[in-house]
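Shown below, as structure tokens, is a lone chain in the form predicted on its own; questions about how it binds or moves come after it.
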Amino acid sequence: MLSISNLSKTYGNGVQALRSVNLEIGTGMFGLLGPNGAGKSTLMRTIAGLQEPDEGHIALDGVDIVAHPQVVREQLGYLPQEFGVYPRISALNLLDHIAVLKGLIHKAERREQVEALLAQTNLYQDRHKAVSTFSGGMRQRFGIAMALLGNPRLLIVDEPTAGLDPEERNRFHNLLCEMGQNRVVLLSTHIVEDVRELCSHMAILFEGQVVLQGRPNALIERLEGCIWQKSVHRDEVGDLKKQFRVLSVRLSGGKPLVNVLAETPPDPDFYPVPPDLEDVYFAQVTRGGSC
């Protein structure tokens, strides 16, 4: 269990990145959803012990990891948004090198774990290729292999599917689900679909605060009967935004399709549609999540 209580962080330039964040995260996949600049990466770095909070506590299985950061470092796997690799070094040799840095000093056991992780991430056949030549999806899978060295209790992945093609994204989703069966996995993303497909619990972080948390399906149910949709002309969108709580505007057949949050139909041409997690998300980041 990862417990976060009253966590706050303000940077030297005056930006308050976190404001009294409280979360309880158990075993499995937990989605942290929010726009860019919401404070997600700040929270990830603080949990990982890369920076100290101004206030608050973080505990992993009851141990205060702010006071004892080495505890989380020994049990942490961390996949950041981007990571560098040495040029011309094969995946096998690079993963073995990182395993040494992580304290896996017994050569035979280290080699066994390295090869097992390359197989688990579907990279074994490419183990002799330089990681610098890998595609974006292959590099992300290699990042997961690095994060899993030492069998960590806590796994943090920060925006892992950004830029991946649909096939590689699906492969990465399957890998993450497998990883979450026996450890705490914190998935930080601004991609709503990732949370919907992967996570049994989630929270929305906005302007440094947790504005909503719970099970995705339960949060979606709260908006039943409150989402209205209409296909409009482009020049109508601006007026609708002035009059109603427009949650999203997407194109369908080349025409804008508008979703509005309201207790009753905004006008007779709007029709009710089932809510989804994207509606929940936009209802929060546009202030206020109820009809």
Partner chain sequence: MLKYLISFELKFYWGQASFRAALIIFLGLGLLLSSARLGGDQVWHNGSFPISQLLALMSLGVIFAVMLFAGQGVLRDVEHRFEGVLFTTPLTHFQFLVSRFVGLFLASMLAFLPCVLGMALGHLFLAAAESVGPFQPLYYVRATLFLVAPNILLIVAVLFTTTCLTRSSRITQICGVLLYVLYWAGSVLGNSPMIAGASYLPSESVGLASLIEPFGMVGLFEQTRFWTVEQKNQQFLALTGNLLLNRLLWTGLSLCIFALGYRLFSFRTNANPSPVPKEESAPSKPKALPIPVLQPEWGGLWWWRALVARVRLECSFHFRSVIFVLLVLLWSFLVIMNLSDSVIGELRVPLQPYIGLVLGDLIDPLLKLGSLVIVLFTCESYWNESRRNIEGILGAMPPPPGMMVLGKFLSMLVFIAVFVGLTAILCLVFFLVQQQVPKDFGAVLLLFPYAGIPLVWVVALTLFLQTLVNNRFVGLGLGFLVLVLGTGLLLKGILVWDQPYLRFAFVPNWVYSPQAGVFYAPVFWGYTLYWSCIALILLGLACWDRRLPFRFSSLLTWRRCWLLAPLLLMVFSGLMVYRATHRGSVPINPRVRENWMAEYEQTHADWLGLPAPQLAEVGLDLELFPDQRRASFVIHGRWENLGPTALESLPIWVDPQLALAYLTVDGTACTDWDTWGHCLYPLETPLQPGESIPFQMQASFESLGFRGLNAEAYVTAKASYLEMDKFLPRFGFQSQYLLEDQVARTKHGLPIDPQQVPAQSQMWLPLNLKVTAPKAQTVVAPGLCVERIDQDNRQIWVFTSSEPVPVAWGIACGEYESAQFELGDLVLNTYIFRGHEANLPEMVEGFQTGYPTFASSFEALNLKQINLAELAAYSDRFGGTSYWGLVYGVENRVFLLDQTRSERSVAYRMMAHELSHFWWGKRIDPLDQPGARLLTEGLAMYSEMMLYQEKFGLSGTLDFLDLTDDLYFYFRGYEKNEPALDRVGFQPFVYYFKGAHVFHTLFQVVGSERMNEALRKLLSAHGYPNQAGASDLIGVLFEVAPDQEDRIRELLQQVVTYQIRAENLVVQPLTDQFQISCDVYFERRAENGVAENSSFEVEVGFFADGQDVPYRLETVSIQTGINRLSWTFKQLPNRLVVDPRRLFLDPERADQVLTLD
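Because the structure is predicted, anything quoted here is derived from the model rather than measured. Numbering follows the first chain given and starts at 1.
The following text describes the form predicted in complex with its partner chain, which does not appear among the structures shown.
Against its partner chain in the predicted complex, the set P160, G180 and I220 makes no contact: no member has a heavy atom within 4.5 Å.
Screening R171, R196, H190, H201 for any heavy atom within 4.5 Å of its partner chain in the predicted complex leaves a single hit, R171.
Look at 234-242, 50-58, 259-267, 31-39: in the predicted complex, residues with non-hydrogen atoms within 4.5 angstroms of its partner chain sit in 50-58.
Although the partner is absent here, V184 is not a contact residue: none of its heavy atoms lies within 4.5 angstroms of its partner chain in the predicted complex. Contact annotation for V210: none of its heavy atoms lies within 4.5 Å of its partner chain in the predicted complex. In the predicted complex, its partner chain sits within 4.5 Å of a heavy atom of I89. R215 falls outside the set of residues with a heavy atom inside 4.5 Å of its partner chain in the predicted complex. Shown here without its partner chain, the chain has T133, F134, S135, M138, R141, M146, G150, N151 in 132-153 lying with a heavy atom within 4.5 Å of that partner in the predicted complex.
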